[in-house]
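Quick setup: one chain, the form predicted alone, written in structure tokens, and binding and motion questions come after.
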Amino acid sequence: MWQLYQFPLCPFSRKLRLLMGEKNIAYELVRENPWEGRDEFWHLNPAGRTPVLHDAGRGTALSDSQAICEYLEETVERNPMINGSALQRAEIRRLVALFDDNFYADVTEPALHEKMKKRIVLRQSPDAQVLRQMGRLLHGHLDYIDWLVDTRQWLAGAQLSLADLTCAAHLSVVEYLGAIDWKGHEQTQGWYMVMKSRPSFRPLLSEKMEGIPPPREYASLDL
């Protein structure tokens, strides 16, 4: 069985877990805090980042969430999440990159640093100015997601895809940290509630980061 090295609020690990859930791929969670810099983990992934998908029996260690997702798409035919025509697949990959690169840099990473790492690793208080700037950037991203929801059945087109899973993974981390204001973004909130209702999402909603309780509405499926 695959072992998935991750920590509960890693958005890239959540993206992979959602994909594996949609494809019904069994795996075992292994807790890994990459900021601890364990030699054994760096041996699996010299970049020192989660997620890592490891099969000791086959001597296989895969790293980088997108590389792992592409590998699973190529090797597991069930429920393809990079689907459709060549143009459709390009659009899915474009949106995945948008969320993993731009949304992460603007929103997810600052939220994690200020509300998680400063609390449990650095023992510092969050910077209110950084959080305000993150909130402004978040609303810009939500505006774009609103437009996608208004004009398409799913974010990348007519079918559920890796773009939806990736966006939901990042939003779930920001929501867990209590950093989302949905006011004015009912379209995205409604789509996100549909994503949260999927069976693949249930393990994420039940998992907690020690020392950082989620807000009450985190596990709620009601608007």
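Keep in mind it's a predicted model, so treat the numbers as computed, not measured. For every residue, the number given is its place in the sequence shown, counted from 1.
Just so you know, the form predicted in complex with a further copy of the same chain exists too; it's not on screen, but the next bit is about it.
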| query | finding |
| --- | --- |
| a further copy of the same chain: the contacting residue among Ser197, Thr60, Gln159, Asn33 in the predicted bound form [heavy atom, 4.5 Å] | Thr60 |
| Proximity to a further copy of the same chain in the predicted bound form, single hit among Ala47, Met193, Leu29, Ala56 (heavy atom within 4.5 Å) | Ala47 |
| Among 89-97, 108-116, 149-157, 123-131, the region lying within 4.5 Å of a further copy of the same chain in the predicted bound form by heavy atom distance | 89-97 |
| Partner contact for Asn79 in the predicted bound form: a further copy of the same chain, 4.5 angstroms, heavy atom | no |
| Partner proximity in the predicted bound form: Asp101 to a further copy of the same chain, non-hydrogen atom cutoff 4.5 Å | yes |
| Partner contact for Glu175 in the predicted bound form: a further copy of the same chain, 4.5 angstroms, heavy atom | no |
| is_contact(Asp143, a further copy of the same chain) in the predicted bound form, heavy atom dist at most 4.5 Å | no |
| Residues within stretch 66-90 having a non-hydrogen atom within 4.5 Å of a further copy of the same chain in the predicted bound form | Ala67, Glu70, Tyr71, Glu74, Thr75, Ala86, Leu87, Arg89, Ala90 |
